[in-house]
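Just the one chain here, laid out as structure tokens, in the form predicted alone.
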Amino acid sequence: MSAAVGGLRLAGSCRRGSFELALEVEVAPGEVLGVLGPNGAGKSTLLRAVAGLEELAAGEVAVGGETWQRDREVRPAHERRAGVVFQDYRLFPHLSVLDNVGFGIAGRRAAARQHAAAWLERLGLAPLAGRRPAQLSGGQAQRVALARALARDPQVLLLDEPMAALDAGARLDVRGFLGTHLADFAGPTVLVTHDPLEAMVLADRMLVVEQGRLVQVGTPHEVAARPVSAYVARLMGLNLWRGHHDAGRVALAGGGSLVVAPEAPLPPGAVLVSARPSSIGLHRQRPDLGSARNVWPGRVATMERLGERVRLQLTGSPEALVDLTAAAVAELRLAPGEQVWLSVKATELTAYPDAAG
């Protein structure tokens, strides 16, 4: 029997010692919500509260019109139609793949195995049916874990860091597999991840949690284009500065100022300014580049090779991350401690109101 399709709503708080998670989250049917945040932010606590593995101290959880918790009235985890996929798979080592997928399906064992076999066939995993978990690769085990979650005919799908334990090759393969089958799932999906690329590829919306509080929510494009915290900016690989805007110039909270050229009128007040590390230039002598650029002195603090580029952390007013090619680093003879000049065009800066400011 198919579960009724409906959305997910969680509104309330959950306490663990001195930590409190307080959120209001809604996920529509067929929508994938990517939840990101630093370690200890409350991402997995959110997932566990929906699954019934942790109770809200106050509030409610509702899925598809059914109330799973309202204050102290709590439906136990085994009565919730939630499909959960953990990063460590949690397959039973003594059972075959077929029986792992069939475990927890209501009805007689023969019927459960038949239902599990149908899901293995649907997900292209039928050749693995007779294997034990120890005979599976990490990518195969994660696929089996997803098949087990879907075979329960869940109303909501909960994925807790589903690719964290995989190597880079397997992660790419499983990401494609997940993308295909999440698109076919009619219910709401919550994907907890620390990987922004994973969220950008798989999620319809992204929700960022820091210290148990909602910091930012929006489409992947919206979050990537306008980060609202230092954590989100680092996640998206951007520089982010806070300041006060007036007449096209931003006086930065950490010292210094920047000329901006916003696409839309930007009123005076608190703003955020972001910039891609690749849009900032470095020079050994002060450049004479005209009023279209911002120029300020800095010093190389650290250098790190990232694939084909080198990322430099520079002190100054403001501090900045800068990406250069290895050839440019060699040509400029850069090293930690070297004094340099930084420049960036006003048109390369994105300035927008700072709601928190």
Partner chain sequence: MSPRTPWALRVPATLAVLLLLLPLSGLLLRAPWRDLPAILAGDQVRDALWLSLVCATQAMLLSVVLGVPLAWVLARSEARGVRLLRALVTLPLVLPPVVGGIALLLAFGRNGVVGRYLEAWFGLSIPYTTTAVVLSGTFVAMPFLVVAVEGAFRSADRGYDEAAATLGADRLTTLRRVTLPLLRPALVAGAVLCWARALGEFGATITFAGSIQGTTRTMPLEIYQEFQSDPDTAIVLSLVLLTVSVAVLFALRGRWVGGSA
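Numbering follows the first chain given and starts at 1. Computed from a predicted model, the values in this text were never measured in an experiment.
In what follows, reference is made to the form predicted in complex with the partner chain, a form of this protein that is not presented.
Note on the partner interface in the model of the complex: the residue among G254, G169, P127, G104 having a heavy atom within 4.5 angstroms of the partner chain is G104. The single contact residue among F177, F185, F86, Y231, judged by any heavy atom lying within 4.5 Å of the partner chain in the model of the complex, is F86. With the partner omitted here, the stretch from 96-104, 266-274, 119-127, 201-209 that lies within 4.5 Å of the partner chain by heavy atoms in the model of the complex is 96-104. Judged against the partner chain in the model of the complex with a 4.5 angstroms heavy atom cut-off, the residues R48, A77 and R152 are in contact without exception. Residue contact with the partner chain in the model of the complex: L91 places a heavy atom within 4.5 Å of it. Among heavy atoms of R109, some come within 4.5 Å of the partner chain in the model of the complex. At a distance threshold of 4.5 angstroms between non-hydrogen atoms, A82 is in contact with the partner chain in the model of the complex. Among heavy atoms of L53, some come within 4.5 Å of the partner chain in the model of the complex. Applying a 4.5 Å heavy atom cutoff to the partner chain in the model of the complex picks out R148 as the lone residue from 135-151.
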